[in-house]
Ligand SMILES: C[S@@+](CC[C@H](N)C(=O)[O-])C[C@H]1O[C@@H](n2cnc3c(N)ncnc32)[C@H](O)[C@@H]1O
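Next up is one chain by itself, shown in structure tokens, the form predicted alone.
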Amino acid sequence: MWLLRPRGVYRPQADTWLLADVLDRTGFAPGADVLEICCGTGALSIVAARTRPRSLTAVDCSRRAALATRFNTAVRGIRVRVERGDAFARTNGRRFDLVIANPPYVPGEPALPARGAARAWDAGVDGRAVLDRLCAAAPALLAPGGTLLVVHSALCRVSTTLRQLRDGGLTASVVARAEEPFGPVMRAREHLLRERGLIAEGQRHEELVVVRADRVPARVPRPRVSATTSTEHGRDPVTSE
């Protein structure tokens, strides 16, 4: 897939395409309201457009990423509402049938970068600075019956992602896995990751996972019919529940 990628915008790679493959194979119904969080070049919005959504929204904190997404979707004739800023603030009070996210998840320094390319991958000491916010916001972001698809490294504790989503009342499971060699950022942090006990000595691969979470539609209670006596037909009283 050809994409305009300005300097400092995250380059679509293995995690992007793993999530895109799940999105393609899942077969979401047309007419959904779709949100892409941390859109970068807009690659996942382009894949999501194949589902023929009713609306498509993409959000990124990077000005260059927002511009890249606008360009890459426009040249393909895809209508996308692109917003720049904090995704959870920009979408406050809105609900979506499908939320897709490839957020920053690389463990690094405690303070998150305020600018530059590192915003696309740096995610605090344990790599969960954005993931934790996403898991907390997911129940409010999803419409009844809605689905979240998020990709991240297993170094960020998959069990924590599943637990947080389930604690929010969602069903959650891992739907895809892939082993990938460390890229330049991870290779540069091998010593740091070993010190924190996140990787073993000599480890050069990480496992990527796609987690799916669903908000179960609210159950409509069945009407209760009071017991009645039919003397006309000589039947005993019947209670229907």
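Predicted, not measured: the structure shown is a model, and the values here were computed from it. Residue indices: 1-based, along the sequence shown.
Separately, the form predicted in complex with the ligand exists; it is not shown, and the next lines address it.
**Student:** May I ask you to choose, among Arg94, Arg157, Arg166, Arg133, the residue with a heavy atom within 4.5 Å of the ligand in the predicted bound form?
**Tutor:** In short, Arg133.
**Student:** Exactly one stretch in 157 to 165, 139 to 147, 125 to 133, 71 to 79 has heavy atoms within 4.5 Å of the ligand in the predicted bound form; which is it?
**Tutor:** Within 4.5 Å of the partner lies stretch 125 to 133.
**Student:** Against the ligand in the predicted bound form, would Leu98 count as a contact residue? Criterion: heavy atoms within 4.5 Å.
**Tutor:** Close contact is absent here: in the predicted bound form, Leu98 is far from the ligand, nothing within 4.5 Å, heavy atoms only.
**Student:** Answer yes if any heavy atom of Gly108 is within 4.5 Å of a heavy atom of the ligand in the predicted bound form; otherwise answer no.
**Tutor:** Result no; Gly108 lies far from the ligand in the predicted bound form.
**Student:** Heavy atom to heavy atom, is Cys38 within 4.5 Å of the ligand in the predicted bound form?
**Tutor:** The answer is yes: Cys38 has a heavy atom within 4.5 Å of the ligand.
**Student:** Decide whether Leu44 counts as a contact residue for the ligand in the predicted bound form under a heavy atom distance cut-off of 4.5 Å.
**Tutor:** Within the cut-off, so yes.
**Student:** For the heavy atom contacts within 4.5 Å of the ligand in the predicted bound form, list the residues of 108 to 132 involved, in sequence order.
**Tutor:** If the 4.5 Å heavy-atom criterion is applied to the ligand in the predicted bound form, 108 to 132 yields Arg119, Ala120, Val130.
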